[in-house]
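One chain is shown next in structure tokens, namely the form predicted on its own.
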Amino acid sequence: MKETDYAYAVARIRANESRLLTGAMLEEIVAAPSYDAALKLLSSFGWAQDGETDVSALLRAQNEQLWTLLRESVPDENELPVLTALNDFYNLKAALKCMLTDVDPAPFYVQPTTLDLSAVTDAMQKHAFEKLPQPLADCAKDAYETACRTESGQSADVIIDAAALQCLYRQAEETDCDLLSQMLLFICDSTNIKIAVRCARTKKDLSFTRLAVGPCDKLDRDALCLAAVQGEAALLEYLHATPYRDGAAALKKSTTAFEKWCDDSLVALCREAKYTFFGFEPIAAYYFAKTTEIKAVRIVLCAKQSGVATDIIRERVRALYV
């Protein structure tokens, strides 16, 4: 595609960027005295649907609107799967686990996704793994056979998660969009750090850790795995000597602080697309910006429902695109 082929898509994205929540708006929602008051503010900001009080329904509606906008705007829908790769692999995990436990996977699927979820469910139930789209088909059979052999859902998760990171890394290398490549590579590295932390805390051995950790960009994969098996202190020490030292500082505080740092760093990358007028970059940036906004609202509303103190909610709130 030529960059100028995206003129219409970028124009629509710019128009919709004006409807994104600002940091000031989110602060008002955080400061709202109750869950109902927070919903009223969201409605006044054009975000919540009138009369809708269920968090899941609100988030689902926003995701559907986001995906409809992108599908209607981009000149070629075949470029969109790069944005939903992690959701697609998550849905494969959900389908596999539900197939093994004879449970309907529909309630566990996440959106947006480019998958035909009914077809995924059917393929998994019939063990027709070859009918799944690539690259899911390559790891589905392996994950299923491993889960049956080891009677461990965790082993299957590791296989699928590793395949997801391989897919993301490959897409980052193949894309002509520099900013999208940076976003995908950051997601790979930050996800690998999360995996390494889990391996350190659960005292996984080196062979398991190497299987779980995927390809890295600004991290030495072997050094990351070796540090993880030596414990969390060694892992933090290693990370402090990498470009992710700020993430390590957040991780030292808590896993929640690190998750926030990851989301804030990704949004900071997205902001670079504000000055791009053609190409896929503004579409990718808007997608990640909007999904971060949805995550932030989910955190606030769920916390309001649970009676979490405002100061604690404020600590967890993500930075927004606008």
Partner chain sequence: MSNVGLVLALVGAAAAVIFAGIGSAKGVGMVGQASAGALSEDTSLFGKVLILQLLPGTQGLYGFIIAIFVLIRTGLLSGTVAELTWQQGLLYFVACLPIAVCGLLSGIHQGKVAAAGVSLVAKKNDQSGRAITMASLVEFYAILPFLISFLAVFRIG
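Positions refer to the first chain, counted from 1. All of these numbers come straight from a predicted model, not from anything done at the bench.
Another form exists, predicted together with the partner chain; not displayed. Remarks below refer to it.
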(message) Please determine whether residue 45 contacts the partner chain in the model of the complex, using a 4.5 Å cut-off between heavy atoms.
(response) no
(message) Within 4.5 Å, heavy atoms only: does residue 16 come near the partner chain in the model of the complex?
(response) yes
(message) Quick check on residue 12: any heavy atom within 4.5 Å of the partner chain in the model of the complex?
(response) yes
(message) Just checking whether residue 41 would be counted as a contact of the partner chain in the model of the complex - the rule being heavy atoms within 4.5 angstroms.
(response) no
(message) To test your reading of this chain, name the stretch in 292-300, 274-282, 30-38, 253-261 whose heavy atoms come within 4.5 Å of the partner chain in the model of the complex.
(response) 274-282
(message) So the partner chain isn't shown here. In the model of the complex, which residue out of 26, 58, 69, 269 has a non-hydrogen atom within 4.5 Å of it?
(response) 69
